[in-house]
Structure formats: structure tokens, C-alpha cells
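Below you'll find only one chain, the form predicted on its own, shown as C-alpha cells.
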Amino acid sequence: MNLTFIDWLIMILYFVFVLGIGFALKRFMKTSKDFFQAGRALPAWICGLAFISANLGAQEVIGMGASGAKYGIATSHFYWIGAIPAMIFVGVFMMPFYYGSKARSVPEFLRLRFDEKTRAYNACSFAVMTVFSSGISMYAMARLIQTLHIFDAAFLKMNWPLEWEFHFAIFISAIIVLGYIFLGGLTSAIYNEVLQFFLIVAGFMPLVWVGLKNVGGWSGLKSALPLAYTHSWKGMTNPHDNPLGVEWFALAMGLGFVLSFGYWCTDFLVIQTAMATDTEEAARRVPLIAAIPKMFFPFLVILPGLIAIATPAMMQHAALQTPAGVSTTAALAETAGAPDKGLIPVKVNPTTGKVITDEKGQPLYDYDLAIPNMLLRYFPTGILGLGLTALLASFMSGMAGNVTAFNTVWTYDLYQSYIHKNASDAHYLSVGRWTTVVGILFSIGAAYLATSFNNIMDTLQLVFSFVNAPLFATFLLGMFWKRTTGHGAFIGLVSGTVAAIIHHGLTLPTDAHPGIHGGWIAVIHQYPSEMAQNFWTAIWAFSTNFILTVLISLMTKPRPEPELVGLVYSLTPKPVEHHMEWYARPKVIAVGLIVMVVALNLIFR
């Protein structure tokens, strides 16, 4: 890869800018509220863009492109039924509870609604999840840098092994994110997320336009792909009739309800962004504002994956990129006799350089490289630098958002609550900063663990099915059934997580090895795809939690109703909207969003 001065200049300016934001904001970080909550003083539109960008890290930009290449247009379900309905629910129903309770985090809200043990369990599980998510972003960035051979020239000049490039990229990304979060806290993360939003739009719109033009437009793309790849709902009656490997029930229940609502309604990574606004009205508008661009992001991040797999195989020799030390010719030889995957290379272990195979000995494809190879194939000098910067920005943002959520939950919900209760505010500010360092170190470990997966979206959905899926059942019952007790919530939450672990240990995706992908207890059922396994893991976790929470709550004593005002829907005064213009009311905006998302599902059915 031959990056020119212009390409390097664009990327260097981005890194200087993000670190500059951290230095500029450091003088405003005078209290723990400033550092962890951005002072609750940011406008709705800033938080709205950051709200969507908090979910627009490597897992979305690289992961959705990878899923587009692997599963086709059905990946749009992660947006049109797996995000928009839940974002509407958050804005209309959830934010009044979060913002009005003055809770500083999701675990703290659980303490207010239930009890300390429920909060402690969620704080621990959420901390683990944020570390994994941050590590996945770090891994994806390192793979990008290694695969595109960005630092090859420098390594060769210093006589360093090219295999070190993966490790070098991980530590460089860790240092940069650590720098601006350590200095500017959540505010720094939010402003960088807004910058990232515009970079991704600017970097990916030309990629989609040029890519579509080169494959003959939408009609040319459809003719180059199997029918199932260009329809989102056809074949959903049988899991073996669509690339996603799921039937409509697993899709609607597992993704559209459990995983979607579990993520957007309970994940503090996104909730903290909305809670950084200056009023409750603004906090309610944040998810609704974010839902508008979110609805159209499939055209920016999924289409490149479809284009990559539709690109004729003869272009592989010109565009295919593999990790340092593995030649394109060798990688192509490994795929002899395997299905044509366009610009998608084989999966190679980044530390050993060995081609990874399934249980049948067939090479696995590295779908995470769909978008990077698209950039190399279609972008010229200058524009290539902009595209690469957009990718790097997404990785940085994904890491930063998870690390800020980690340091907030650790400091408020674990350290302050159970280790050092009555320290000064300056002490907690210092703990938060140094917790950022710990979070980065744990993320590095998670990054190396992520090398075992060939699609980071599969990895993330697995993590979410363990943490968010059971948690959503707890929130749903806690908010809408005043009889729910703390004992029921805690036992249900733990049982839901255990159910997810057992289900994962007893099932395995087709062609996967028992182990990290499942089947580590015994294989009693095989799913057509890893995503299908994730959806059903989430369903089992949610259902187990829901049933046990209800049963335990009926056998234990509930809290008095006066203590639940502001925490249970039926006991909480409804937000007043009559003073707003009709078009600015959250419920009116919600109806408009529902109409739009239904239309998109019908168009691409």
C-alpha cells in the first residue's frame, strides 16, 4: 500500500485534533461530574450525534460491512428492526426514568429500583462487557493497520519483523485513546464521537457511489449476487433458506426484541450520552434525533460489504490484501476450489500468519476486511487518506465510549459504593482517571482474544446475549410491574446469564470447532450460523430471567409504593408535552420514525 504525503497528513491531523480536544477540555474537568457526566450541560443535537456515534465504532463500520458480505441485505435488520424501534422506546419511555432519577449510571438506577446486590452484579457484568467491546475495537484497528501494511516501510527500515505490526498498532491506539479520555473524560469522548460521525459520512459516501458505479448500479449488484443476498425478508420461514441462518421468530424475538431493546435501553455506553444533556426534554429527544441518520446508515456501511463480495474474482489479484508476512498468491491458493468471495480474503492468524480453517479443513474468510479492501480498490490518493481516517476514527470512538462507561461504573458503582465510600470528590476524579488506564490494559487483553472470530459482529452479539439480554427482562419487569422485588431481580438476572452460558456450551454453529464458538460442554444442537446461535442464546437468557423474576417476586415482599415513585411507569407522573410545538413532541416524532422504518422494510423485503 503506497500512502502519499496527503494521506499521511490527513491521518496525522486527525490524531493531533483528537488529542488537542483532550488538552483543551482538561481545564474544565474540575469535578467528578464534569469528568464522568460532562457536567450534564451539552445540547441535544450534540448528544444526538454522539448517541449514534457511540454505537458507530469498529463493530458497526467494519462489523456491519463484514455482515453485509457474509449475510447480505438481511444485515439491515440490525437497523430497521434491531435498533430504530428500541431507540424510539428509549426516547419515549426510558429517558424520563433515567434522567429524572438523577442516577449517574445504569447500575445505580438498578440500586434505586431494586437493591444493592442487583446493582453490584450488573456493574461487574457491564464492566466486563465494556472491556470486551473496547478490545474488539482495538483488535479491528490493529487488523486494519496490519492488513493494509501501513507501517511496513518503517518496520523494514528499522529491521523489525513485520509480524510485530499487529502488536504495535494495538499499543499505539491504546495510548492515543488513553490520552484524550484521561484528560477530557466523557466530554472529550462525546466531541470526538461527533467528529467521527461526519468523518464516516464524508469517507463512506464516495465509497458507496464509486463502488455501485463499478458494479453496474443497484441492478448490476442484484444480478451479481444470489437472490437471498438482496432481500431482507425472503426465505425467513426457514433458517436454511437465507444467509443469516435464522427464521422469522428468532429474528423478531432474538434481535428485534431481546438484543435490540436490551442494548439500547440498558447499555450505559449509549445511555450516558443522552444523560449528558442539560434538560429531561433534551434527553428524550436525543435517541429520536439519532434514529433519523441511524435509519439510513445501512446504505453507508452494509452496501460496501455487498459490493465487495460482488466484485469479480479477477480483481482479487489487484486488490486483495492479507496480513504482513502472508502473500496474496498464497492466500488465493488456500481458497482454491472454495466459493468465490470477491474481495474477501482468507482468515489468517495475525500473530502466526497461519491460514485459519473450519472443522472440514476449508479456509475461513475474513469478512472484517471487506471495507478495507474496498477502500484500496476504489479510493485514490487523498480520498484514501480520508477513508482510512474515517475507519480509524470509528475504532477510536468505539474504544473511548466503552472506556468512559467502564471508568464511570467502576468509580461510582463499585469503588465508591463498596471500597471507599466517603472520600472527597477530587479523590473520585483521580480514581476515574486512573481507572481509564486499567480499562485500556484490560482492553488490550480482550483484543488478543478477539482474534479467534472471523466477524466482530458475531463476537459482539454473543457478548450482548450474555449481558444485555437478561438485563432487559429485569428492566422491563422493574419498570412496568411494581410487584417486582429486588430478590426476584437478582436471582433472575444471575439465572439468565447462567442460562446463556449453558445454551452456548451445548450448541455450536455449523462447521465451527467446539470451544470459544460454543459446544464446550457437549454439542446437542447445531445452528446454521453463529448469528442464529447468538439470537437463541439471547432468547433463552431473557426468558429464563423473566420467568424466574416473576416467580421469585410473587414469593417475596415488594417495596412500598411511595418508594417507587419515579421508578415505575404506573407510579410516575407522565412528562408534560403540551407546551411544545406539535412537531417537536417525542410521541409525534416517534410515529414519523415508525412510518419510515416500515416503508424501508417493505421496499427491501
Partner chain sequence: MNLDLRIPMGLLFTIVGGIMTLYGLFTRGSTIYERSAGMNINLIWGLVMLIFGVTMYTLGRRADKRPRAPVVEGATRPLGHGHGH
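From a predicted model like this one, the values you see are computed outputs, not experimental measurements. Numbering follows the first chain given and starts at 1.
One more form of this protein should be noted, the form predicted in complex with its partner chain, which is absent from this view; the next part is about it.
Might residue 205 be said to contact its partner chain in the predicted complex, defining contact as any heavy atom within 4.5 Å?
Yes, residue 205 is a contact residue.
Indicate whether residue 187 is a 4.5 Å heavy atom neighbour of its partner chain in the predicted complex.
Residue 187 belongs to the contact set for its partner chain.
Any chance residue 45 has a heavy atom within 4.5 Å of its partner chain in the predicted complex?
Yes, contact at 4.5 Å.
Find out whether any non-hydrogen atom of residue 19 is located within 4.5 angstroms of its partner chain in the predicted complex, and reply yes or no.
Judged by the heavy-atom cut-off of 4.5 Å, residue 19 is well away from its partner chain in the predicted complex.
State the residue from 378, 297, 475, 151 whose non-hydrogen atoms include one within 4.5 Å of its partner chain in the predicted complex.
Answer to the contact question: 378.
Looking at 527, 229, 191, 79, which is the one with a non-hydrogen atom within 4.5 Å of its partner chain in the predicted complex?
So the residue touching its partner chain in the predicted complex, by this definition, is 191.
Between its partner chain and 10, 41 and 209, in the predicted complex, does every residue show a non-hydrogen atom at 4.5 Å or closer?
Spot residues vs its partner chain: full contact, yes.
What stretch, of 242-250, 437-445, 111-119, 170-178, brings heavy atoms to within 4.5 Å of its partner chain in the predicted complex?
Careful reading of the contacts points to 111-119.
Heavy atom within 4.5 Å of its partner chain in the predicted complex: which residues of 559-592 qualify?
559, 562, 563, 565, 566, 572, 573, 574, 575, 576, 579, in sequence order.
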